[in-house]
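What follows is a single chain, given as structure tokens, in the form predicted alone.
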């Protein structure tokens, strides 16, 4: 619910906008109150005429409930589909491998534009007046970095004007424009970021993210069929799950939602009655439950195709240690599950980057061993922060099923374990069963 002050340019981000804060005209919404709903539709949702009919139905349902709706769309389909982002990118690279990032951003931004035009046409054909908008027309100011841009500000003047005329804006996600007028894309999954930023800028009642799953699941249903939908989850939990490999919503979108207190709901396009509410309120609701009924673990995430490196030094050498990690970082390799001891260092990297680490260590004449075909499985839950012995339960559960733990890492609300990739399904099932994740606690 927004009021007459709506859209007065409050900053969405913690840094100053410098000379660019007036790049877009500030505005006010000349109505007393209005309910706004931002609906984001993923690539599979916009990919066929049948699915676009369901989008129209979701918009009509929102209108019946008194909402003014703003749509955000991704490029149609997945890799291999004609207008999918990866397909458009390949179109430029398949013959010319030295295409600049600027040109790649231009061609990749086309996928969302195509979706926006097609969805707007489908809505208009059903008597719902709508208009497609680019990221720039929707008010997204970016920092000028191609392929991984950050949004500096969002001043959605054009969207407000369309809502005042009772038109449905259909915004191309994943993109914005920098102060020099250049198109920037926001990186893979960037349409989630577009939707949540719009939700914050418009002070929307909530943001609905429609996809081909029924919500945030307790585990990947493609790996473990017994996974169920989590009804409610905190910003911190979903951020950690996304960071540890769950692919339902982009971590940067969660960060924006948390910073601006935007309620987000993840739903299945074909089954809108179920879904997951992402909010600042824990489903544990403080002391309302006994210790027995409180859940330590909310969900399980995983990464595959990891390589573990073990480095053994003869003598403690802080300078050598710093040189090793600095060289790996300068090579553009992200490392994870880092364990550092005076004479031993252990960490993991993605399999595709392991050859870079090998080259660095060989060049530095650092002795090492490596193990390929590893996976990381992580249990996440805000409840574990106040429940002792969770690590012991995790270790016992895997030991009982002869699943070797090669390395561990943890935070306040997560425990990660490195295992052999062949044990991944068994580990997820064991942990899911051990923490009773098949049971839905009341909210």
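Residue numbers count along the first chain shown, from 1. Remember, it's a predicted structure, so these values are computed and weren't measured experimentally.
Missing here is the form predicted together with a small molecule; even so, the following discussion is about that form.
The single contact residue among 102, 372, 247, 363, judged by any heavy atom lying within 4.5 Å of the small molecule in the predicted complex, is 247. This chain lacks the partner; the member of 303, 235, 210, 347 within 4.5 angstroms of the small molecule in the predicted complex by a non-hydrogen atom is 210. This chain is displayed without the small molecule, yet in the predicted complex the stretch 218 to 226 from 105 to 113, 305 to 313, 218 to 226, 132 to 140 comes within 4.5 Å of it by heavy atoms. Looking at residue 145, you'd find every heavy atom of it more than 4.5 angstroms from the small molecule in the predicted complex.
Contact check for residue 383: every heavy atom lies farther than 4.5 Å from the small molecule in the predicted complex.
By the criterion of a heavy atom within 4.5 Å, residue 295 is excluded from the residues contacting the small molecule in the predicted complex. By the criterion of a heavy atom within 4.5 Å, residue 356 is excluded from the residues contacting the small molecule in the predicted complex.
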